[in-house]
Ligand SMILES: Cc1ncc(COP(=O)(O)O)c(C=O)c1O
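Given next, in structure tokens, is a single chain: the form predicted on its own.
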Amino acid sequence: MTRPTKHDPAKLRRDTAVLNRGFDPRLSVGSARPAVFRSSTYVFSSPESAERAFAIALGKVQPAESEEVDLIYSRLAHPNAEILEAQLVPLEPEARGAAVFNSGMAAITTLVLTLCRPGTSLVYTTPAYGGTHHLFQELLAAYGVLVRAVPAGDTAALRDAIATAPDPALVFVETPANPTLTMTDIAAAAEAAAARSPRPLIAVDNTLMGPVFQHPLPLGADLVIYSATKYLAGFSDMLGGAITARDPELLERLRLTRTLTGTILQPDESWLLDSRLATVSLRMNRQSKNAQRIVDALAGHPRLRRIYYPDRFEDPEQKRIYEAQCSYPGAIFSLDLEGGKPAAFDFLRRLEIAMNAVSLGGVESLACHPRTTTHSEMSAEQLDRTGIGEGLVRISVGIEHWRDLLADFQAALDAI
């Protein structure tokens, strides 16, 4: 589906490349933007082409450079997924390819099924999204993968875990951590992994910062994971997942697993997500500016014990990591309210603009109580240890006018 151009795609700036890469209007009856290709199966150009397509799909042979391989079946690949994957690449510096999935958890599950085997180790930072935590601690551990959790932001503990884990296959870093916004040093994780032989791969869940404010691959990560449901899609109207990487062969391994598990993103959702990519930077910059202004105004409110937000870190190590890894603090912050769970629930009940719902990254503002919702699969001990307290409320700031949101938050706090 590649569009011919006299410009070197590698030299185009990301805001241009995301609109021009991977799409040939000649293959869509001349349409300026991609159409939706709803088909489960595809007609081969010849029996020989069918044989070649299956050999490539099964990993028996590698396609030649610029080879046009016939499509087979939409569980393997389809035009909208191929276009979307090509247009995701410019968003991530040093990426050479991408793979898309039907949810963020499908992306993570496909990743661990591809890389982890019984007896190998997976090291991950905590707190992590509740679904990720459950997958690692319940499912993977039951299948014999040695799972080791490390506190987010504890660089020494992360280095030690990577150095001592038996046969490490994967280091999974969620940074900033959800919902405490604790930052983990990606470069330190990559350095520790490089000292092991064979070297474990470094995967970074970059959902909270998106491809706008943090770029893990130049810091030494091998894979970058997104719940595309969040900022990439941006309107809370679809599910999706994406993985980008610098190693095309690694992506092919993920696609082979994706074919077996059927976790590819469907054509309609691929088309919809592709249409949103060009505005990711616009939306995220507006949301981050809104969040910064709101956090600054709420600081010192008597009902708040603490605000969790990257540019308000007091710990010198957290400041160092944030300044080394991120360009802006993003649009997620958490409030720790005086009065614990009753105060948190009262605050959520009184909100009129921000909605009490899980998820994040949409154009609308959302607020939730992680301890009883997104992270409720964790034990009370794990929640306490990772800083997800009874009074913690996570807020995802949208694109509304920041003064209206601020008034909403202040009124709800004042009325507790």
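Note that the structure is predicted; figures quoted are calculated from it, not measured. In this text, residue numbers run from 1 along the sequence as written.
Omitted here: the form predicted in complex with this ligand. The next part is about that form.
**Q** Should the three residues Met105, Glu174 and Leu360 be counted as contacting this ligand in the model of the complex, with contact defined as a heavy atom within 4.5 Å for each?
**A** The answer is yes; Met105, Glu174 and Leu360 each reach this ligand.
**Q** Since exactly one of Lys230, His78, Arg148, Arg276 fits, which has a heavy atom within 4.5 Å of this ligand in the model of the complex?
**A** Filtering the options by heavy-atom distance leaves Lys230.
**Q** Report the residue, out of Tyr308, Phe213, Trp271, Tyr129, that has at least one non-hydrogen atom within 4.5 angstroms of this ligand in the model of the complex.
**A** Result of the distance check: Tyr129.
**Q** Determine which one of 84 to 92, 138 to 146, 97 to 105, 262 to 270 lies within 4.5 Å of this ligand in the model of the complex, judging by heavy atom distances; exactly one does.
**A** Correct option: 97 to 105.
**Q** Please check if Leu208 has a heavy atom lying within 4.5 Å of any heavy atom of this ligand in the model of the complex.
**A** Contact with this ligand, yes.
**Q** Examine Gly240 and determine whether its closest non-hydrogen atom to this ligand in the model of the complex is within 4.5 angstroms.
**A** Heavy-atom contact with this ligand at 4.5 Å: present for Gly240.
**Q** Do Asn178 and this ligand come within 4.5 Å of each other in the model of the complex, heavy atoms counted?
**A** Looking in the model of the complex, residue contacts with this ligand include Asn178, since a heavy atom lies within 4.5 Å.
**Q** If you apply a 4.5 angstroms heavy atom cut-off, which residues in 321 to 339 are near this ligand in the model of the complex?
**A** Counting only heavy atoms within 4.5 Å of this ligand in the model of the complex, no residue of 321 to 339 makes contact.
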